[in-house]
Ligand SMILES: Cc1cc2nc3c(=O)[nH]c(=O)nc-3n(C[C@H](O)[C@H](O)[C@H](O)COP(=O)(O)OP(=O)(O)OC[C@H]3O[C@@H](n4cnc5c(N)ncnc54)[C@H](O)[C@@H]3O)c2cc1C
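First, one chain by itself in structure tokens, the form predicted on its own.
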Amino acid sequence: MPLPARAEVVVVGAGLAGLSAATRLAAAGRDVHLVEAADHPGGRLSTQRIDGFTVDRGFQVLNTGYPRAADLDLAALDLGWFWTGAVVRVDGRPHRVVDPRQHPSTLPGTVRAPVGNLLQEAALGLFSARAGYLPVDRLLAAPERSAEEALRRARVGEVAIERFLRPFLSGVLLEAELTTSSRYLDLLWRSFVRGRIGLPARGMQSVGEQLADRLPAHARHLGTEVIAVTGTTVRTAAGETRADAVVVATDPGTASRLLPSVSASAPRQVTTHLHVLPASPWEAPLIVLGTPGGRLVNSVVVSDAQPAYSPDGRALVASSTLAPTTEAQVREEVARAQGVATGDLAHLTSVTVTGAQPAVQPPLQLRRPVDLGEGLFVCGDHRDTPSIQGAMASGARAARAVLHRLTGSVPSGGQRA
């Protein structure tokens, strides 16, 4: 359905930022239209079916520790859960490092895992407790440094950093040097301490689809590319729509093209290789971390956490590298990580996601302005943190800013943008 000639608000981009903004504006009774170049909502949360398997665009998960996860109907997503922790391979042997709060029986094995002595493991526990339970304003007031320096100052030890923390965080931050802001590390680690990691039964794209379904069908315009915007107009190949407010909620590159005053980029990338095994080699849904000097940052049987990803009980394995790789380059490494023969691995597909997420170098810039003036607004994870949380939080801030412009007030319980 084409955009109307006139709308109160047009949101450009149906990623989680745009969806969060649009659904909040619609719930406030505003005439809002959402326009998206792709043929599905969700932005970078994209899912396809290959030979019956549910395949996300790269290894993606939903962290319920994110505050904005409360905006979702988690029960309706029918989440399958990973255990909080990871498998570390040392000299070919697997060792589980697991949060014992959820699985107390794993405590002895976690204590014995070769990731440091007892004092260093206690230091990691203290680091987790600090990030998980100190007030956020105190975390953000702490001296800022690189993530690696913060971990060393926490005295978790070199072994823990190289065998556990660096590969684990590399898969989340999409950078191995751990130059990311220590303040963002605190916020990220807080979400792991306070939440659980899951996969929706219908794939990560269903998160965006759930939000999109809260908008009336006539207000969703998929497969429509926006060519230019101002604070009062949105132009597509089909014509121009006039509006009282325009929200640009696209990826950073498109946002910078549509809004020359906005500086945004997403330099991080990741390549994920999907394989199928006859059965899972593991008893618990845990991510296997890459080893120092290897290409892999992690490898995980995603169907252990979410059985619906497999059509027939076979195991779906997702293995990721930060540098672009071919399947042949990592096949043996994937087999070693999973403890199987290379001949057991059936390659399903591989995908390299460029522009996977923005970098977060010190100083951390939370809550970048979303109101550009004269009816033009911007949101996306490049305005907050490179995460589902950052995207949805910036969308919520943009919605509040739009409502303030249209009505002169912010709804009860909202905060100023």
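Residue numbers here begin at 1 and follow the sequence given. Remember, predicted model here, so these are calculated numbers, not experimental data.
Same protein, other form: the form predicted in complex with this ligand, not shown, and the subject of what follows.
Heavy atoms within 4.5 Å of this ligand in the predicted bound form map, among the stretches 325-333, 70-78, 85-93, 220-228, onto 220-228 alone.
Shown alone here, Ile388 lies within 4.5 Å of this ligand in the predicted bound form, counting heavy atoms only. Residue contact with this ligand in the predicted bound form: Glu209 places no heavy atom within 4.5 Å of it.
In the predicted bound form, this ligand sits within 4.5 Å of a heavy atom belonging to Thr254. This ligand is not shown here, and in the predicted bound form it never comes within 4.5 Å of any heavy atom of Val55.
Taking Leu372, Ala38, Leu366, Leu348 one by one, only a single residue has any non-hydrogen atom within 4.5 Å of this ligand in the predicted bound form, and it is Ala38.
Shown here without this ligand, the chain has Arg57, Gly58, Phe59, Gln60, Val61, Tyr66 in 55-73 lying with a heavy atom within 4.5 Å of that partner in the predicted bound form.
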